[in-house]
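Single chain ahead, written as structure tokens, the form predicted on its own.
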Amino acid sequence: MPKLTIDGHEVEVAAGTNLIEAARAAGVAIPYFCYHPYLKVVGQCRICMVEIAGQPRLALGCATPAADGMVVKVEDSERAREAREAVMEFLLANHPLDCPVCDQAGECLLQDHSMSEQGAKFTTHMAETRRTFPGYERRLIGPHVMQNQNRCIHCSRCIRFTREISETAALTYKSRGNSTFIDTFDGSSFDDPMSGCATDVCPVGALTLRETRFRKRAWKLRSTPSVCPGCSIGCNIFIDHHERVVYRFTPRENPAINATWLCDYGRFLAESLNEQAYLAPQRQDHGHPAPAAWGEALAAVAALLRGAASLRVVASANMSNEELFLARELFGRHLKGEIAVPVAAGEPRRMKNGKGEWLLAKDAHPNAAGARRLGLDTVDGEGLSRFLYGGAGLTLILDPEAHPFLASPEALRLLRVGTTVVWARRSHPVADGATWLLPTPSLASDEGTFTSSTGAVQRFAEAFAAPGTVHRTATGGMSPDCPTIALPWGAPGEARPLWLVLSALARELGIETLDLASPAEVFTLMARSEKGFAGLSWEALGGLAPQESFRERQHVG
């Protein structure tokens, strides 16, 4: 492993590491535009030039591998600084000065580097009329991507992404010289299943997303690490939110699963996290839903569980490992009920990892692998129909969106036979006819772990607490900052995470071993008792830092 010195900092890196990554390891930032750690190096923007002792010419940080004994100067080199300033002047010669109205402002590499390289001393020698691209401004080039060609700095990242990662080769350069612009090959729609990633890799505001454009300034967003709920691959994401509203999903780096990519389907599930149809528990009162306090609801459901002649539980592969474990222990082991986890295949989806390998989704849920690892029975739509058939006892639906079959007329007929308790967030036919309905929040107000189809157990963090939720400490005291909950269960409503309600039901039923104060405690108990989770620790899974600011989060350009 080569050892080298960068601006006086000694660092040892793996063989083949380029100087940009070596400098990052040494705590030194080398500016770049065209470089991306998961795309091929082209060395065309020339902003990453550094000085290497003993070499007469400046070197490109992206295209120069670290060598043993190398002495590199970045900020300590006047020659390198002058070269970078010259590159910035050429880039800004035609770039529009529209940062105040550009949606990329706040996370734009050109903006960042222009301030760091030139600062207040920058002056331009440009006297000619700026180049423009009439007809290519505010142009929708696909279902999701908006083009502002005047801002393009010709880094070719978007082109290389479609050739190397999504493999659609949808984008290319057209025309020549100073008139070069980005377009699809034949002028058709940029309908790439990962088109949103082209906006991620764009270092400026030339490509932006129609869905999130002008909705919220980037510096106001808080970014919470999470896991995409769209399928079983388990892509790592940030939930970007502000004032309890989710604005977007952005990819979070994980070389083993999704590198820094995210498919459009998963990306645009973000808006669905803002849907919350139910806030308070409801009971059926002569055919009409009537609101109830949580204390009343828990007592009533506990009484139903005690008196049930038979118990069937429809769990969900959308639930976390902790919630599935609590459901299995509470309803299966202690109450002797039957549990089924419906799984749907969904649309075929795939994702490319850091090695350039395609990972294929095995089903449409984020945690079917976790259900199987916990030994729970998974069924398809036909199996779910058989599971629900002929039951005149108590049926619990822990997630109406567990399978499309639950919205079918056949499922509704089968569920009318007995008593049903449903946990739900969004409006659903099953919830409308439930004897008791208990509201649950979205992924943004939950925390726990999912098991991906690759076998990786991954944590997701709570972006913001469910409305009105307060927390219970381990000693029973009240704390608004504690990530676990303590409820005044007698108070009216607001959605509660499923794991919390299951734990409260266990307490109501006198099952002390399941009266747990946080997902971390549930995970610890699960890891002690389940071979599939043995040796794992809550703290070691991801090292997440929820509520970190957008500018502090890990960012690879």
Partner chain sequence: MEPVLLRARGAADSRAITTYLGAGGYEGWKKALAMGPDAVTKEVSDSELRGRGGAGFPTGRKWSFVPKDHPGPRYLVCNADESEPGTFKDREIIEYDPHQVIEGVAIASFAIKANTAYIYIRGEFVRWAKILEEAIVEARQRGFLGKNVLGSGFDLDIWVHRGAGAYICGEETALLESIEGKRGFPRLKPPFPALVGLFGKPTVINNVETLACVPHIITRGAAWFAGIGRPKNTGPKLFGVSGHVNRPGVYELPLGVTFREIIEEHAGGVRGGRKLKAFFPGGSSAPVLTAAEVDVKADFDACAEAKTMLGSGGIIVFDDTVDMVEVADNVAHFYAHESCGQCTPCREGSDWCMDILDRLMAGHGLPADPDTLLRICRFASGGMTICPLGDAFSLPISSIVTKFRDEFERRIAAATPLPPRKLPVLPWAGPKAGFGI
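Everything quoted here is computed from the prediction, not taken from an experiment. Residue numbers count along the first chain shown, from 1.
What comes next is about the form predicted in complex with the partner chain, which does not appear here.
**Q** Applying a 4.5 Å heavy atom distance criterion, does residue 306 contact the partner chain in the predicted complex?
**A** Heavy-atom contact with the partner chain at 4.5 Å: absent for residue 306.
**Q** If we define contact as a non-hydrogen atom of the residue within 4.5 angstroms of the partner, is residue 45 a contact of the partner chain in the predicted complex?
**A** The answer is yes: residue 45 has a heavy atom within 4.5 Å of the partner chain.
**Q** So in the predicted complex, does residue 86 come within 4.5 Å of the partner chain, heavy atom to heavy atom?
**A** Output for residue 86 is yes: heavy atoms within 4.5 Å of the partner chain.
**Q** Against the partner chain in the predicted complex, would residue 293 count as a contact residue? Criterion: heavy atoms within 4.5 Å.
**A** Output for residue 293 is no: heavy atoms all beyond 4.5 Å of the partner chain.
**Q** Is the partner chain close enough to 57, 127 and 210 in the predicted complex that each of the three has a heavy atom within 4.5 Å of it?
**A** Heavy-atom distance to the partner chain in the predicted complex: all three under 4.5 Å.
**Q** For the chain shown here without its partner, which stretch in 419-427, 457-465, 351-359, 150-158 has non-hydrogen atoms within 4.5 angstroms of the partner chain in the predicted complex?
**A** Partner-contacting stretch among the options: 150-158.
**Q** Go through 116, 310, 175, 188 and name the one with a heavy atom inside 4.5 Å of the partner chain in the predicted complex.
**A** Comparing distances to the partner chain in the predicted complex, the residue within 4.5 Å is 175.
**Q** Which one, 413, 244, 139, 333, lies within 4.5 Å of the partner chain in the predicted complex by heavy atoms?
**A** Result of the distance check: 139.
**Q** Which of the residues spanning 86-112 lie within 4.5 Å of the partner chain in the predicted complex, based on heavy atoms?
**A** Residues within 4.5 Å: 86, 87, 89, 90, 91, 93, 94.
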